[in-house]
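Okay, here we've got a single chain as structure tokens, the form predicted alone, with questions on binding and movement later.
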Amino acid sequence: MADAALPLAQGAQPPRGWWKRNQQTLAPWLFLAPGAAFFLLYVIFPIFQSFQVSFYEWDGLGEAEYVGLRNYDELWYDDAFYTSLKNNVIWLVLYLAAIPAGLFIALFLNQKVFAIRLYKSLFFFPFVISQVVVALVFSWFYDPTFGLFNEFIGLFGLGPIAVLGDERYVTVGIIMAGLWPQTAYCMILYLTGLNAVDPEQIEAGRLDGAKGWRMLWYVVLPQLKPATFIAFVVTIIGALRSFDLISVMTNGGPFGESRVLAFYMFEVALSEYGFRMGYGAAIAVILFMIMMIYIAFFLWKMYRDEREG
């Protein structure tokens, strides 16, 4: 008892509580907890729920009937599913053009030229407007009676072409509309990456005689790998989950030829002709697995590059 009453030695710190000792470790987790909880509740849980619902026949209101793999078996023989899958592949291939386009626009905007802020605003504009607005603008652009597209090709003696009414051109036409805002997004990513490029490496490359394409390929692009990775992932996800443009511009037409998996999922599960939640969930699972294959590949590639570096 006498020892407990002794005053603290000169310079000694009083004993701290458990919170004080662990404050720096726990504080970041406390800030992350609300976001993590919402992510688990509204993203992770619905993903697993979709897997579960895909094994049932359910209209969304009544009692669900367990049917096992019947929904997936039906997909195997569904021509509309294969049309949607084919269109998604076309979206994936053509949508990737947004990445090099965004890079070259970013390289241009990174220069010191007259009225550069005006150019940046014009290229940034598509990113901040709604996809619905983009769809309406391009619907007018492609209109066979007064659209600028047909006015332009008419100068060469072509047209008029009803792009959104022709099954040969409709998917490509919608993708061109989607590339407008997606290129702006990639441009923003690369502009941010260019601000972090090491000027000493640029100067060293110049001393070694590198310029133009050689400077871009061997000096600049290796430093833009993080931006390129994000651009690839976001562009692939955007191509696979495309829905807004198709819904506004064609509603899946003509004759269902512009459908993609996300739109077909909505059509069979939630539209006036659908209410087949299990079948829609099966399409969602297929779409999710395709998306995860691409993302896992890029994550693995990035991890390998980091280890080799």
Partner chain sequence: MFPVPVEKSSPAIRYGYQALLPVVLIIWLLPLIAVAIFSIKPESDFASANYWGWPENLAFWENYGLVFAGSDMPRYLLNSVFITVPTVIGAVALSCMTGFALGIYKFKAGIWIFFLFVAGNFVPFQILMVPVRELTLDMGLYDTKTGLVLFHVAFQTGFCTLFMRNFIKALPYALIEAARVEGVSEIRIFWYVVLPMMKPAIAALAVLIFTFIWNDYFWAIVLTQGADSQPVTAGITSFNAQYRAAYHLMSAGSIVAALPPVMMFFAMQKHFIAGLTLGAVK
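What we label the rigid core is the largest C-alpha set whose atoms superpose within 1.5 Å from one form to the other. Note that the structure is a prediction, hence the values are computed from the model and not measured. Residue numbers count along the first chain shown, from 1.
Same protein, other form: the form predicted in complex with the partner chain, not shown, and the subject of what follows.
Just one listed stretch, out of 162 to 170, 215 to 223, 88 to 96, 74 to 82, contacts the partner chain in the model of the complex at the 4.5 Å heavy atom level, and that stretch is 215 to 223. Though the partner is left out of this view, residue 250 does not reach within 4.5 Å of the partner chain in the model of the complex, counting heavy atoms only. In the model of the complex, residue 235 stays away from the partner chain, with no heavy atom inside 4.5 Å.
In the model of the complex, at least one heavy atom of residue 298 sits within 4.5 Å of a heavy atom of the partner chain.
The partner chain in the model of the complex is approached by residue 46, whose closest heavy atom lies within 4.5 angstroms of it. Listed residues 66, 42, 255, 273 were compared with the partner chain in the model of the complex; 42 is the one with a heavy atom within 4.5 Å. Scanning 277 to 307 for heavy atoms within 4.5 Å of the partner chain in the model of the complex gives 277, 284, 285, 287, 288, 291, 295, 298, 299, 302, 303, 305, 306 in sequence order. Taking 2 Å as the criterion, residue 128 does not count as shifted between the shown form and the other one: its C-alpha moves by less than this amount when the rigid core is aligned. With the core held fixed between the shown form and the other one, residue 148 has its Cα displaced by under 2 Å.
Once the cores line up, the CA of residue 60 ends up 2 angstroms or more apart between the shown form and the other one.
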